[in-house]
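Before any questions on binding or motion, here is one chain by itself as structure tokens, the form predicted alone.
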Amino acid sequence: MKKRWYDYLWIATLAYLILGFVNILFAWLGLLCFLIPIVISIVKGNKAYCNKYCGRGQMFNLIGGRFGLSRKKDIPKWMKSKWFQYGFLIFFFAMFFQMLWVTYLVFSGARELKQIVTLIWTFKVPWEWAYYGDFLHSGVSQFAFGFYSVMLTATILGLITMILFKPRSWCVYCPMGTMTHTICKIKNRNK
């Protein structure tokens, strides 16, 4: 099968993870992974982003499929259930809004910048090597640290489920996938 330009978007995901490791301000680029799927689902009424353009899903396919690092087992039924998908979406939003709250506190001066990336919303990892000073407001950097934490956590969870189950098992409960699916259902219901 002939490769298309979007078959190489896994490179963008890998580049994003590496760039955030080098300079935390690159984490802002991850907003594209939030905005583009929502725009596509609102405008087109489909999940083209998830099916074609998601670099993370492509990366899991490559690592788990082509490189054989997946057990290729079916994901458990409970992980496919609506209660788990929407429960994880709610939990994800709670963590995202908590990250926004901390960013607000840094912007308002009520809290100092924490040069930390939090993995799986629990483990705080010092990340000061990726921060290069105060040429921007520290709130801008705080958002970057928090957002990179979210993106790295999603990647780690995806890698874990990729290894345990099928390569794109993360896609079953991905918060963006759940959100865009809901947007598509609402949009297509109104046709």
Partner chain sequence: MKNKAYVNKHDCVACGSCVRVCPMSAIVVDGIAANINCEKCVGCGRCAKECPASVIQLKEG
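For clarity, every value in this text was computed on a predicted model and none was experimentally measured. Residue numbers count along the first chain shown, from 1.
What comes next is about the form predicted in complex with its partner chain, which is not displayed.
K.L.:
Pick from 142-150, 127-135, 161-169, 24-32: which stretch has non-hydrogen atoms within 4.5 Å of its partner chain in the model of the complex?
P.N.:
That would be stretch 161-169.
K.L.:
Using the partner position in the model of the complex, report whether residue 63 sits within 4.5 Å of its partner chain, counting heavy atoms only.
P.N.:
No, residue 63 stays farther than 4.5 Å from its partner chain in the model of the complex.
K.L.:
Could you confirm whether residue 154 comes within 4.5 Å of its partner chain in the model of the complex, counting heavy atoms only?
P.N.:
Answer no; every heavy atom of residue 154 is more than 4.5 Å from its partner chain in the model of the complex.
K.L.:
Counting only non-hydrogen atoms and a 4.5 angstroms cut-off, does residue 122 reach its partner chain in the model of the complex?
P.N.:
Output for residue 122 is no: heavy atoms all beyond 4.5 Å of its partner chain.
K.L.:
Quick check on residue 90: any heavy atom within 4.5 Å of its partner chain in the model of the complex?
P.N.:
No - in the model of the complex, heavy atoms of residue 90 and its partner chain never come within 4.5 Å of each other.
K.L.:
Select from the listed residues 75, 105, 95, 116 the one whose heavy atoms reach within 4.5 Å of its partner chain in the model of the complex.
P.N.:
Partner contact (heavy atom, 4.5 Å) among the options: 75.
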